[in-house]
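Take a look at this one chain, the form predicted alone, written out in structure tokens.
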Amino acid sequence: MIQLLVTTLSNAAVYALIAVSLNVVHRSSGVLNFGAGHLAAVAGIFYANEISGSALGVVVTMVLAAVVSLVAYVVSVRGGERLGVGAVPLSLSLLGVGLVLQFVAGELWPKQAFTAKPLVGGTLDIAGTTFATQRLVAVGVAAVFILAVVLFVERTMVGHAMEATAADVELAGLYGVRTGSVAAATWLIAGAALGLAGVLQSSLAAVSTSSAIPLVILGIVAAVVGGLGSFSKAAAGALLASLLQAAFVEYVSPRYSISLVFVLLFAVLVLRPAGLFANARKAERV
């Protein structure tokens, strides 16, 4: 039972970071970054191969992922928004960016799975159950990052500008908000979250370019189940998705664990389109 709990929490840490990244972008532009899983996977591959096992390596990976995310925005989204292209085509264009990243990663590193060195080695034993210390480290690091994002959005002038832009970009511009700079900050934060997700994934399990689609699927499920628009609820959605997946792997079979997550997503979209943890009345007004 303890092993299941630890596995659930550590996996949820990765999914929550991807869900937060998706939420940051969606709140500001209505776009769903279908390339998020590819960036997270490539970040994990880079970290595992080049600079794993150190705090500096984590920071460097997050910075590089943030820069790649910003480039993806400039190349794939910014021009389309100015031309009035809808959110769905822009979301698909980001998938194209992800596929380009996957191709580049395949040229730079062997097409295989990689595992990074843990930030903290060793194991812990609780009630006769032994598990890697890195799993608890992953939960703590993800929680600190998500809390930092929440505080940044809610307590800083840049965060308030992000909220204003998300509500009405034209009105925010009329009030003097530099919407271009706000968009850049949004995509940098989103990219950093994906970089950290890739780092943690590579330190918990093997990561490869084939990990991209499952990662983005689980991130989307976490974001939708929790309710798009809220970071804390996205984390709750990640926890629920991870719990169902881990329980299915533990007691049934690992073969169809992703299929179960799809069932959860379908049920939520049918029964609670605003998300399981969303305020129904508030969602109705919006």
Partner chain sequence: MTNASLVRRWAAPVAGPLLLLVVGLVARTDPFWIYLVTSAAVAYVLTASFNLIYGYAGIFSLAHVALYGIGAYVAVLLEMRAGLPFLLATAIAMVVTALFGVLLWWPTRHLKELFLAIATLGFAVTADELFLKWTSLTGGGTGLLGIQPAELFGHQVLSGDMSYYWLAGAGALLAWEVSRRLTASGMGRKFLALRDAPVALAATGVSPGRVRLVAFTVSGALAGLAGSLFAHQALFISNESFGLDRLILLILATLIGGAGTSLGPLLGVAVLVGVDEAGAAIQNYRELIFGVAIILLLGYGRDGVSGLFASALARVRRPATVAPAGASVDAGPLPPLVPRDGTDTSLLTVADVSVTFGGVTALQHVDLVLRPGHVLGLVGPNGAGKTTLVNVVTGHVPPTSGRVEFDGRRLDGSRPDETARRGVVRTFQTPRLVPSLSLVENVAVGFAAHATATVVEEVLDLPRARRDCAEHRRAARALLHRLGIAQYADKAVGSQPYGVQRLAEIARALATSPRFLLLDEPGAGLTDGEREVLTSIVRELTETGIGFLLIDHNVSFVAAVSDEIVVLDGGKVIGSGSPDEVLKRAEVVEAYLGGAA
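This structure is a prediction, so every number in the text was calculated from the model and none was measured. Numbering follows the first chain given and starts at 1.
The same protein also has a form predicted in complex with its partner chain, omitted here; what follows describes it.
- Although the partner is absent here, Asn49 lies well away from its partner chain in the model of the complex, with no heavy atom inside 4.5 Å.
- When its partner chain is considered in the model of the complex, Phe103 lines it closely, a heavy atom lying within 4.5 Å.
- Looking at Phe34, you'd find a heavy atom of it within 4.5 angstroms of its partner chain in the model of the complex.
- Not displayed here, its partner chain is approached by Leu83 to within 4.5 Å at the level of heavy atoms in the model of the complex.
- Between its partner chain and the residues Val149, Ala161, Val97, Ala192, the one pair within 4.5 Å by heavy atoms in the model of the complex involves Val97.
- For the options Thr165, Ser208, Ser76, Thr186, the one in contact with its partner chain in the model of the complex, meaning a heavy atom within 4.5 Å, is Ser76.
- Stretch 211-219 is the answer when you ask which of 178-186, 196-204, 211-219, 130-138 has residues with heavy atoms within 4.5 Å of its partner chain in the model of the complex.
- Contacts of stretch 12-31 with its partner chain in the model of the complex, defined by any heavy atom lying within 4.5 Å, are made by His26, Gly30, listed in sequence order.
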